[in-house]
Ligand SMILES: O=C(O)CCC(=O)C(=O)O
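Take a look at this single chain, the form predicted on its own, given in structure tokens.
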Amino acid sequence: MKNKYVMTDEEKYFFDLTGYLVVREALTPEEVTECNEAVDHYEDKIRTRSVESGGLAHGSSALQGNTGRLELTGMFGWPPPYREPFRRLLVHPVVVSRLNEMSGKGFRLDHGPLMIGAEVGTEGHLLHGSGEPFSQSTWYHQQNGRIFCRGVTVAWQLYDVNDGDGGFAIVPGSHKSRFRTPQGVRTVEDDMGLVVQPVMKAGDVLFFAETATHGTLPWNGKGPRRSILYKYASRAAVRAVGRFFTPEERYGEWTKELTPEQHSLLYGPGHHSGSKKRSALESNGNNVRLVE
């Protein structure tokens, strides 16, 4: 019987070639039930994203839907017993063994977990990510038999995803592309036959390189969609900001006395900084200034 807790050479080949990997039956049916019951207990906390102003489909005719996707966070902080299955998933042996190979020892959780759910008619998500332009926070490299993937998302499947259901979709191999993804592929309005929707069962776990072109197709499944996402990063990479991001939070109020240029260098690490987007420094050899 295959050892599920070791990343095989075949899996390394598949992940390096395609940018994603599905490990089958990583969870037992009992573990899947435990996760679903915990989410069901907090059903009143699930929010539905708005589809106004284009929603996650961003106006794509191929990805539009009648409603937005379902989202739930905060699992780690729930009281027992509801938090326990999600804390175990964080360091599940199937995950640890593969992330050590994909991102290197010392990998960390950058953000998550996040439950993504859908019902019939839920919109898709515009495909995003790619090897071009180069991403400082999620780049992918392979050399001398080793994988160096700075950003890996792990998505635990709590319901089946059958062929044609929709949900997660990816352009295999795009994590290593050196050309920009055509807009028609991103919108799936003219995907050139490149977009793949993996078939998965409840209990399977999906790994994908964040730099790959990926997104979500509208949900057409007979049952609901429910995935729990953990977004990991290699030791040297930071994708989302956290505590002590601003200079004031890191060093104190005295940083407000600095020039804008000096102040800009004291932010904490983070690339995908949301509303806290940072300016960068530029020099002409005589002066230094901030640029957007």
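Numbers for residues come from their place in the sequence shown, where the first is 1. Nothing here was measured: the structure is a model prediction, and the numbers come from that model.
Not pictured, yet referred to below: the form predicted together with this ligand.
The stretch that touches this ligand in the model of the complex, counting heavy atoms within 4.5 Å, is 212-220, out of 212-220, 132-140, 82-90, 181-189.
This chain appears without its partner; in the model of the complex, the one residue of V196, I116, V120, A202 with a heavy atom within 4.5 Å of this ligand is I116. Of the listed positions (H263, R49, H58, K231), a single one reaches within 4.5 angstroms of this ligand by any non-hydrogen atom in the model of the complex, namely K231. Shown here without its partner, the chain carries F107, R146 and R150, none of which come within 4.5 Å of this ligand in the model of the complex through any heavy atom. When contacts are judged by a 4.5 Å heavy atom cut-off, H125 counts as touching this ligand in the model of the complex. Although the partner is absent from this view, F168 contacts this ligand in the model of the complex, with a non-hydrogen atom inside 4.5 angstroms. Although the partner is absent here, F208 sits close enough that one of its heavy atoms falls within 4.5 Å of this ligand in the model of the complex. When contacts are judged by a 4.5 Å heavy atom cut-off, R226 does not count as touching this ligand in the model of the complex.
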